[in-house]
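One chain comes next, on its own, written out as structure tokens in the form predicted alone.
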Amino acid sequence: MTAPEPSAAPPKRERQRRVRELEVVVARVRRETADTTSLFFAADEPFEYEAGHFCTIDPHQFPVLKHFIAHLEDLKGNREKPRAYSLGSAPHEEHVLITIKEETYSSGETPYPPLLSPLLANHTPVGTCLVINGFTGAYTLPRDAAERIDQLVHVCAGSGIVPNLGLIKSSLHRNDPFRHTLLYSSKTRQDIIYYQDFEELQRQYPDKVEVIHCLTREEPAGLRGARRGRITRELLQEVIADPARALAFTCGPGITPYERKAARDKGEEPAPRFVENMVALLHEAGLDRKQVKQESWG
């Protein structure tokens, strides 16, 4: 995960105090798409976090991964690190929600096969106990947002939608005085994560929530307000009422460390992915650097 505005995050000491080990139990499992699963965590103590935060999960706690971890650590020459998962829940909700998209291994494109996500997505039934570390991250709403913003623009792709669901739910719960516009890029209707959640939010808050699905591999038949194709500068300019009074959150695939190294070894610049492209388009649409918060995965 990356976030370009460390100045917008809480002070370092405050973040360190907030991050701690928590024992949780899986209270609910919900399949979102063919390759995406949501886990709802419960705990004996209150969860303390901000919408947009993430938690980390150490794969070493799962005995079934023991030999896979040992093999990967031999190959890499260092210890396997915890994996970060954005929260799709809001602080007022009972459970902490993470949503896991099954990673795939592509020979020549990624150096190692996925380790933890397939286990969490497919073999973590209700009642499973585990330890998470939480919570932190700079992908959060600035405390003075209501004083200077009329519109929050969420520009997401794939599982990049996860923290934005939490941001939207939390803002609506507080009755913040701005409108949320979500542009969500998916390959097909069947790939849309949280489809029913957003339908319900639009029904409950018709004056505050607008969702525009952008499908890249099929016609969006039957989807209200949906578009065919990728998110463009023209679409951003169409939906952003006043660039001077907007704040954008964009999350999705970004350039990975592996891609940066591969490009550097060739003496090239890595090709931009979704987040890098969206940041550039948001700037072209009239938002300056301080008006764009980004987070990437990959």
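Numbers follow the displayed sequence, beginning with 1. The structure presented is a predicted model; accordingly, all values stated were derived computationally and were not measured.
Keep in mind that the form predicted together with a small molecule is missing from the display, and what follows is about it.
Heavy atoms of no residue among 33, 51 and 91 are located within 4.5 Å of the small molecule in the predicted bound form. Under a 4.5 angstroms non-hydrogen atom cutoff, the small molecule in the predicted bound form has residue 85 among its neighbouring residues.
The small molecule is not shown here, but in the predicted bound form it comes within 4.5 Å of a heavy atom of residue 110. Residue contact with the small molecule in the predicted bound form: residue 189 places no heavy atom within 4.5 Å of it.
Mapping the unseen interface onto this chain, residue 101 counts among the residues with a heavy atom inside 4.5 Å of the small molecule in the predicted bound form. Put simply, of 202, 117, 128, 216 only one has a heavy atom within 4.5 Å of the small molecule in the predicted bound form, and it is 117. Look at 224 to 232, 207 to 215, 175 to 183, 76 to 84: in the predicted bound form, residues with non-hydrogen atoms within 4.5 angstroms of the small molecule sit in 76 to 84.
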